[in-house]
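Laid out below as structure tokens are two forms of one and the same protein chain, each shown alone and named structure 1 and structure 2.
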Structure 1
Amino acid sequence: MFRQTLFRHLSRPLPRLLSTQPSAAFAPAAPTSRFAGVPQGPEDAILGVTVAFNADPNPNKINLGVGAYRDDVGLPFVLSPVREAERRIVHAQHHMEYLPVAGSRTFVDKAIRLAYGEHNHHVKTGQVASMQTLSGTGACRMAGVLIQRFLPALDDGPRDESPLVLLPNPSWANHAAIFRDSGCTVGQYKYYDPATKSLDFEGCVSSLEDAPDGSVVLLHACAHNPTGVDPTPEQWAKLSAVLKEKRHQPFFDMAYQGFTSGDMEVDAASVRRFVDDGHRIVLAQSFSKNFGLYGQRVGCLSVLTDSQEEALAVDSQLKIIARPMYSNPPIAGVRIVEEVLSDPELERQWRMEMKGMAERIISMRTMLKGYLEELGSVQNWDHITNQNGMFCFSGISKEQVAKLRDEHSVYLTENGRISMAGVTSQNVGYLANAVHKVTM
């Protein structure tokens, strides 16, 4: 039987590949990539500004696009406790094994204490599901997938496969893409009024009231990006009541803790208020800005649940989401945070330098406004000092942004957002002059 089969195979004509005769079918042809039809995509709205800035040869150019802190001579700033922690880590000659899927427990415990407070009852009772993430972006994305997979319907109704996530209008440019790519439906609620350059609180409340019950509502914990406009404590209290009434799911994105007031505890007030009011929040934390660890990708996602048992179940699903995506998070950045927050002296220095960054930005706001007034600008620039955090939502139009770029080599995002963290006492005069010229 076997011999017969073998014989049949051998008696077939040899495949062309083995033939010594040249064949038209195997004549060298132009290689055709399977990706030849991929369309060219646009640069990112924020990170694309840096690409254009880097290509500009003007020595006076200023990059006010990305929200990344610069010192007063315009250089990327590494906090001294971060440098010291890095030195100690190198000296300790640590291993470089994989972290667990959910990352470093030590780091995550420290991160959630920074957000919820040192003595939070829910943290102590193990009700907080949490994991280390690829910075704030990764935390939002992990939460987006968790919401898409598991957010239940209210009152045992049919589950929505694409739950509604409401973003403030406007919001960080990447939010919509993050939640869309997570399989959620993205909507907006009113937030900013361009006419007053401040919070449209009534509009905000009414659009949250009009939204379908049980929607996910994304809130910027402090230092709202891009507007620099935050609710007051009284307004936060009202928002908390509205969300509760509507059974909306609060989702805090906290990428700038420390940048509004200079104090990590003060800036966590909105999150802590919601927790105290009984909300079961989702929280994305970034350590890019307040530790200056941008490229290290240090972040944390937490979900406050009703019980330790529920938290463990959520933890298990977060690991199931992360494992096929990136397996486990990077180790270098979290070691730095752990080192700083394990040494009271380094922690003290970090809190002090963090405050210094916030204060330098505030002083640049005052200087920019002062220069514009000195130059005789007839516009009202009060919002530069009224807004807070890293950004000034300047009100500069798309056309004026293009002029700033083309005629002055000053780079901002198209929506007129100025990253105040890139303004220095050396470039503020040049900037004011350029802004004055394009807004005359």
Structure 2
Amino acid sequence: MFRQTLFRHLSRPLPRLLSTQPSAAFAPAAPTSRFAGVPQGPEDAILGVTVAFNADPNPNKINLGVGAYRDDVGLPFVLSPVREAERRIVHAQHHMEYLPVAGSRTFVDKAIRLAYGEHNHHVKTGQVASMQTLSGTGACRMAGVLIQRFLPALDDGPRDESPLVLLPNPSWANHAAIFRDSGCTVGQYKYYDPATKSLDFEGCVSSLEDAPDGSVVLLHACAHNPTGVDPTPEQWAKLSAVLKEKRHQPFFDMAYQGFTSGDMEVDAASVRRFVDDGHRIVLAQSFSKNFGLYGQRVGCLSVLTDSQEEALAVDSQLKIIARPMYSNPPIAGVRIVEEVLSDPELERQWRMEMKGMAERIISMRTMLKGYLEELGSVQNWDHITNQNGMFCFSGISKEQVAKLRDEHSVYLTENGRISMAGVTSQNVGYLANAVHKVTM
């Protein structure tokens, strides 16, 4: 009886407790995130090249976009003295305490001596304000903020507008964003001539002479990125004279010291020329390329001043800028640099292997040009061997870059910049054949 009653009760239609129409109380909630309106940003150009390369199944594919050294089989290369320094550091079981805001003094002292010279008078007398930075990018950003806050007008009075930073046209893609985000106004000066694939020196001088007096002029110390086109020693001397006459502020970005010619002293010649000519330079240094410490973010910023007192004041302001930005720099990479540069034998090995990296890239330039000539290319490829450093500004058009990618699985940035570090003795023939076909 109970079971029948229960069955009849359960068989009755259930009351309509829930409406099929949403009530106001149960309507979808409005977005609560304050960032709901943030637009999707564009993908980084070089990252996009790598993503496309990784998705390509072609076994002959070549990635010439990334600005990182590869050995002759196309693999990342760690220098043997860096590995030995790393081993020693692990064995020593150092503490993991914070570095000071300005970083490791030992590292910074060694870094500025590599740039200015071991026996530079200004370094010895304490006239160089300096600090460890998050590689060259961080050095540029720190300098940009320092310039925005403290660079005075030429009469030493207050500025009416943000300082003007002039970049060569073209320059490293990140430079403009770094200085804009630092609060500076960014302009350009003539540098590269696409017709000759070389330096437009007359245009360069003319545009610097026409620029407002007292502008900040960014100079690539060696291995100009992206063109690989550097001034000759005589041209550097002329540029030094022009900047002095116009009272421009020289700002050197030196990302490839030792990696360009294979000689640290040769690659620092432009910086030392300007210092010897009496300029009070700003200098950003990176140790990503010459030590192969890409992921360690090891860099240095220095400002040459007139006195020890001025250097101390600049040092104090750099620490004030850094403290709320990242508090203090990382410790692992600088320990490696310190270990190498504190041991004469490790330093000798480092200089030798760095020279070997530079020479491999130089040899790839020669081989690529030679293969193109053997294939009967009617184009003039002299610029491949005339340019310096990691990059070759090939002169290949955007449309030809697309053909290289789509028809030959050769990947490079749209502006035709080739990372010569990605060229090997195994793939240079394939590359030359592909370039020849799209440029016929």
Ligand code: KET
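FYI, numbering is relative to structure 1, first residue = 1. This structure is a prediction, so every number in the text was calculated from the model and none was measured. Take the two forms, find the largest set of C-alpha atoms that superpose within 1.5 Å, and that set is the rigid core.
Between the two renderings of this chain, the form predicted in complex with the ligand is found in structure 1; structure 2 comes from elsewhere. Comparing the forms between the two structures, the C-alpha position of residue 54 differs by 2 angstroms or more, with the core used for superposition. With the core held fixed between the two structures, residue 45 has its Cα displaced by at least 2 Å.
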